[in-house]
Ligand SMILES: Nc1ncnc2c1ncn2[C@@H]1O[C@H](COP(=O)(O)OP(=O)(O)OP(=O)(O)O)[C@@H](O)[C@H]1O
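Below sits a lone chain in structure tokens, taken as the form predicted on its own.
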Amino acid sequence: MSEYLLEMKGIVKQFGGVRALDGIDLQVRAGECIGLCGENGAGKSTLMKVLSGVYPHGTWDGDILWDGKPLRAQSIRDTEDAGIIIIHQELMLVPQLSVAENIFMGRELTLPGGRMHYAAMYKRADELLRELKIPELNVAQPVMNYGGGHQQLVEIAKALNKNARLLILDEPSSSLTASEIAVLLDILRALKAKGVTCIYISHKLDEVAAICDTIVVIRDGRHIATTPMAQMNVERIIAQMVGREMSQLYPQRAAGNNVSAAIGEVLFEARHVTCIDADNPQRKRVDDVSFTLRKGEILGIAGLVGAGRTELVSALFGAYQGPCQAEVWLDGRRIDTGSPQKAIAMGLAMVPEDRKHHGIVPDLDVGQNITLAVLEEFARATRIDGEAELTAVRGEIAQLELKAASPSLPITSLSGGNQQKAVLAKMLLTRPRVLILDEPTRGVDVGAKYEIYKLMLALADRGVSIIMVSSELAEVLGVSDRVLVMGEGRLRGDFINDGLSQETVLAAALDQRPAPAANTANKEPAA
């Protein structure tokens, strides 16, 4: 009998003439947690789609052995029947259905005559949630009533209900808070103790180091190394992923990371921004927030989940889905940013937090997505100048080092990080004076993050003003010149990023103590 629960041997997967996987080997022991690491486009998700039956046997070359026997799955149902369950980065839940209905989707318990056996499903769903130590969920309530962290745990309960022996988690914590991530990792440790095997894919390498027994690194579709975590650290994982040592995670401006002489006068102002909750008119998501932004400045916006950061920048860009008011000033005059189209025309651009729903058009190819916001520039009477459009697209692809074999590939064929780069390229083509980035590196690998940071600094050096929302405090402090801190819809701090600590920012976000006067910008918007 094989010592491995799973063996993947010489896996090759091609798309047209491009080899996405080039002879990958992977071995996993029962009860082991494997960290699968690699840059965006390295082939991680493609490999897992081969394993989980999304790509049926026969559409790829190589062998998969499951419990020592060949696995030739033709569908996801085949792999699920074998006990291989994948939880995707975008959760596969139906928001309007109850927690129990989502857990039993496709495997419903029925009474004679075909009616749903709700009592039995509720009982089993409740047992699963108690096993995961989350008994506070009401299994009869719609899953949309619960936050992202609880929804992620519902996905795990759904997997356990399918008798998962191997659980594949693809970026499971990308939209979770720090406390929710801690709960998730504790649950995975408990599942490991019960013999459930895991493959964990994440760009958050501190999580990988905390939960995984073995690290497997792939690069450009090839296997690079398999190493026990005990012999690794985050720096070594990064070096294997990118093929080079990265002694510095955040590039520095020539004048350091302080507000420098390169930053000009106030260019942009937001005054009295207020956003009302679309579902609860009594609640303000943003409550009378005002701030300034200087030419060439990178302004980070920090805060806990629900602080109102995304709502604030959405209102400035005319994209908030609900009642709001905002005075937006550019070059000392008030401008109309009542819609994204108007905001772009005024010199604003925004890369949204949710690229899947607000950033890309899935039915269009890579090039069409990139030029979507400036299509009129390539219009020649009744036709589009395809050659000029292609030249512009190729220039953006090269600048951002976007991994796409061809601009005519479907945008959905790219990895999440490369889709993010395509959205960024689309916005840069508008030649903005103010660039708003909402979670710009979510789901992006370490090497690609560094390239995005370098691009941000280069844009700032050219005089573009940047507003960056990020849930990662290290990122905010690593690239920002100044940091706004929000909490419960209000502005709780405005700090020059000179020796600013994560503790100071978090204390402001929690409103635990007044901000130190010596480190506070204390700038009022100009009248």
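The structure presented is a predicted model; accordingly, all values stated were derived computationally and were not measured. Start at 1 and count along the sequence shown; that's the residue number.
The same protein also has a form predicted together with the named molecule, omitted here; what follows describes it.
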{"property": "Check all three, 15, 43 and 203, heavy atom within 4.5 Å of the named molecule in the predicted bound form", "result": "yes"}
{"property": "Residue stretch of 116-124, 407-415, 98-106, 230-238 approaching the named molecule in the predicted bound form, non-hydrogen atom distance within 4.5 Å", "result": "407-415"}
{"property": "Residue 60 within 4.5 Å of the named molecule in the predicted bound form, heavy atoms", "result": "no"}
{"property": "In the predicted bound form, residue 368 touching the named molecule (heavy atom, 4.5 Å)", "result": "no"}
{"property": "Contact label in the predicted bound form: residue 481 to the named molecule, heavy atom within 4.5 Å", "result": "no"}
{"property": "Touches the named molecule in the predicted bound form: residue 214 (any heavy atom, 4.5 Å)", "result": "no"}
{"property": "The unique member of 290, 399, 274, 89 whose heavy atoms fall within 4.5 Å of the named molecule in the predicted bound form", "result": "89"}
